[in-house]
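We begin with a single chain expressed as structure tokens, specifically the form predicted alone.
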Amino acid sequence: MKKILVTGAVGQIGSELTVALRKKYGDDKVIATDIRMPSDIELRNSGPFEILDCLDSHHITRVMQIHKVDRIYHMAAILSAVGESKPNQAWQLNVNGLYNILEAARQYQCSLFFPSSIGAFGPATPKVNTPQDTIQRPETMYGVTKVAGELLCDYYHKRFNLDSRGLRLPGLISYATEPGGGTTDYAVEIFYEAIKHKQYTCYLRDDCSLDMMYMPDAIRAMIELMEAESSKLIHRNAFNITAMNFTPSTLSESIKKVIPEFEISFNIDPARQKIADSWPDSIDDSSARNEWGWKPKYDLDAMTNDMIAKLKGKMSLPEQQKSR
């Protein structure tokens, strides 16, 4: 392997993915890129960083030439809730940006990881145990861009033999970075509020059931998929994966096991609730398990215990160190 390029490396997923990749492959082998400089000390100092706009195709190819990139993790995207308020920007970055990356990957014969989402499903999709191959008619711009991205990646694999691979990620929970505008971000915010104030007002219904995953599992899944034997992959792009399923109420009960005085209340945000209601209640990830051995390590209580412990440690750090 020559070099790995990560786009959107300052984002919620990209920042943790970059650090994990550097630990696995070596600091100098992973090129972090974003349209803004990272405030994260570890991310900024542990390896090479380039300012990169995914809408600038010439800039992409220049960076790839300089660093001799042969694998790309394309994490630059606008998320679901933000995408509804800025649909034009979401299309530009999520689709046109991906197209530019695909073209660069084709030109330089790179392998490519593309993160899709359960947001690629819609109200017509079977809501319980959603199959790997099923109807996809999302009603958000974010979901539309993810379906388009899945199809583009499949096209480039079939038309140009590009080694493109991807996951349909559920809601992700992380202690390392702040929420980034996703519909499932309540599942991160709730931990901060539980520790600081012992209470949280949730914008989704108490019984809103969604599949979720702890970030360490998600990062591991991305790396394992890209390392998987190509001949064993039937689907390649947009594998369903999941780790746990819960509602705001069941999450609050798990938190109460660690912080007994914690209380949750509800003030429903109709816009975000509508998005959540269009997604599956649960998904079937048997294709990922069968084709490349996917298996999560964290269940709800294990994730809750680790989140609270890690966040308490983070909150006790001096201000300049709290970016990680």
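Don't overthink the numbering: it's just position in the shown sequence, from 1. None of the values given here were measured: they were computed from a predicted structure.
The next section is about a form of this same protein that is not shown, the form predicted in complex with ligand AKB.
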property	result
Contact label in the predicted bound form: Ala105 to ligand AKB, heavy atom within 4.5 Å	no
Ala221: touches ligand AKB in the predicted bound form, heavy atom cutoff 4.5 angstroms	no
In the predicted bound form, Leu169 touching ligand AKB (heavy atom, 4.5 Å)	yes
Contact test in the predicted bound form: Tyr142 vs ligand AKB, heavy atoms, 4.5 Å	yes
Of Pro138, Gly182, Pro248, Gly97, the one that lies within 4.5 Å of ligand AKB in the predicted bound form (heavy atoms)	Gly182
Partner-facing stretch of 147-155, 78-86, 232-240, 190-198, counted where any non-hydrogen atom is within 4.5 angstroms of ligand AKB in the predicted bound form	78-86
